[in-house]
Structure formats: structure tokens, C-alpha cells
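Here you get one chain, nothing else, as C-alpha cells; it is the form predicted on its own.
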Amino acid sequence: MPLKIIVGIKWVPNTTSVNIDPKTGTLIREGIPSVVNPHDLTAVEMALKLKDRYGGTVTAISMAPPSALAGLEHVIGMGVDRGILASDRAFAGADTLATSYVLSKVIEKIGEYDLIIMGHETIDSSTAHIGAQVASWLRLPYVYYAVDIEYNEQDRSIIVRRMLENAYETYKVYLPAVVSIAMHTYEPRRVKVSNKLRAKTEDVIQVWTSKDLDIDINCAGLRGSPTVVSAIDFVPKVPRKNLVFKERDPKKAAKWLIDQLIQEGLLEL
């Protein structure tokens, strides 16, 4: 029996410089270009490998503003079958608990699924909470730091190989289940134009609001977020010297650069 896979992705600021609104304590996203969280692309690749190996479908889900439609189009370009975006002003300002609640409601509405795959963590918060919290809301078994998954169609189970600091563990888990993929496990495949055109020409992406989901509004957005930034005393600034060495001789330029790195304590010879 083919696998029905759901994979979670997050639309994140494409920067390591994260700014916080001092009044709301939430991330400032305006004016910053966004991308699909790189560790979620690893999860997408795992989902597509399982689809290639065992057959089935892959549905990508995300909770984000409407701009995240571009992220769903990207993963459809990789080979994902369809995308669902949970987008509503009531979801704004959510921490991981409120986010995982909404995602679990999306999954419940989808209804038919075997395996939920999540990325290790996100580059904008690095909490690594979402996979475990979604599993908790749905009361499903959960394995994290996974590096490989094998599917046994006969008893509807998976064998998950999990990475630790100095060893590997192997688990047999009966479906449905949630698995988080260890970061950098797979190189995401490239987008195909023929696949990405489906996002523009076919009805493969849906947008669901709080009205489409069985949402308790007190569990979503800022209302449902117990994590609060109480105060921000200062935003650290990284001083830059902006040194420029205008030398056309590559040997002299290289020597100057090495000398500067040694002086700053960034390089030892």
C-alpha cells in the first residue's frame, strides 16, 4: 500500500540577523527576503525519496502569511504533490506550541496520512520543538534525529535509523507516526520547471484559515503562546572595520589578507 506522507515546511527570513519588535516581542519580517527553512528541505527530500521508493503522495503544509505560497511552490517544484497553507491573522505571533497546534489541526483536516516528516529545526529560532509537539497534539509516536527510513508494507511499520553523538539507534514504529530528519542528512534535489508549473496551472495549493479548521482561538497566535519575550534591553551590534586593500598583485593581496586575519586572532600559522 503506497505511503501518504505529510511534510512540514516553514517560510523563514533569509538572514542570520534577526530583529525583534520591542513592543510585541515577535520577529520583524517586513523588508527581509524569505526562503524555505533549509532543514525542512532535508525533510522534503526524505519524503520524496520514500515516494520514489515505495510510491504514494507527499503533501507539504505550512503556517505562515500569504507570502509563504512561494515556499510551497518551491517544494512542489521539487516533486511534492500538493501544498496547504494555514494563513490567518489569528495565527500571528505564535510560538512553537501555538504553531504546532494549528499544524495538527491542518493534519486532522487532511485526514488520511501514514507518516508526518519534519525538519530538525529552523534557522530563525532553532528550538527543534515542532515535530515533538505535533506528535503530542496528535498522540502519535515520534522519532527524531532520523537519517534513514525503511517502510514495511506488510505490517504498516517503518524502521527508523536515528543518529546520536557517537552511535546509531534503530527503531521499529507502527504507522501513523511523526519523524524529524537530522539536519544535513540529504542534499535537496533541484526544482524542475515542469513541476513548478503545476503550482501555477493546476489547483495544487490550498489556503486554509481559522474558519476552515476546527480551531480553538485561545490556542492559536499570541493568545495560545506561553512563550513571551518580556523585555529587550539592547540589540547587539557587530562592529565592522570595512578595510579595503586596493592591490592588483594577487600575492600581495593574499599576504595582506592573511596578516589581517592573524592580527584579529582569526587565523594561526
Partner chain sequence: MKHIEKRFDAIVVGAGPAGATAAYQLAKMGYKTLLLERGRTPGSKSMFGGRVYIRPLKDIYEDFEKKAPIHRWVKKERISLVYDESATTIEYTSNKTTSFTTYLTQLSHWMANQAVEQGAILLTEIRVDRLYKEDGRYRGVVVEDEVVKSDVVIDAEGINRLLLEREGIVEKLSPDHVALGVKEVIKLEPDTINNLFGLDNNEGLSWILMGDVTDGIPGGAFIYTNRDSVSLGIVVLLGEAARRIDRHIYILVEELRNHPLLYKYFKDGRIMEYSTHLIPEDPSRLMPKKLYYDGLMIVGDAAGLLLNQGYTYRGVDFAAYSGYIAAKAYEKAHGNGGASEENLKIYQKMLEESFVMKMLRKFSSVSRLMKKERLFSTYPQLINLLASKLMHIEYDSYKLKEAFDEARKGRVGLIHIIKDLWEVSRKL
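Positions refer to the first chain, counted from 1. Here the structure is a predicted model, which is why all the values come from computation and not from measurement.
Although it is not shown, the form predicted in complex with its partner chain is what the next lines describe.
Contact check for Asn242: no non-hydrogen atom falls within 4.5 Å of its partner chain in the predicted complex. Its partner chain in the predicted complex comes within 4.5 Å of a heavy atom belonging to Val193. Although the partner is absent here, Leu197 sits close enough that one of its heavy atoms falls within 4.5 Å of its partner chain in the predicted complex. Its partner chain is not shown here, and in the predicted complex it never comes within 4.5 Å of any heavy atom of Val204. Only one of 183 to 191, 137 to 145, 80 to 88, 112 to 120 places residue heavy atoms within 4.5 angstroms of its partner chain in the predicted complex, namely 183 to 191. Listed residues Thr57, Ser225, Ser34, Ser210 were compared with its partner chain in the predicted complex; Ser34 is the one with a heavy atom within 4.5 Å. For the stretch 47 to 80, the set of residues having any non-hydrogen atom within 4.5 angstroms of its partner chain in the predicted complex comprises only His74.
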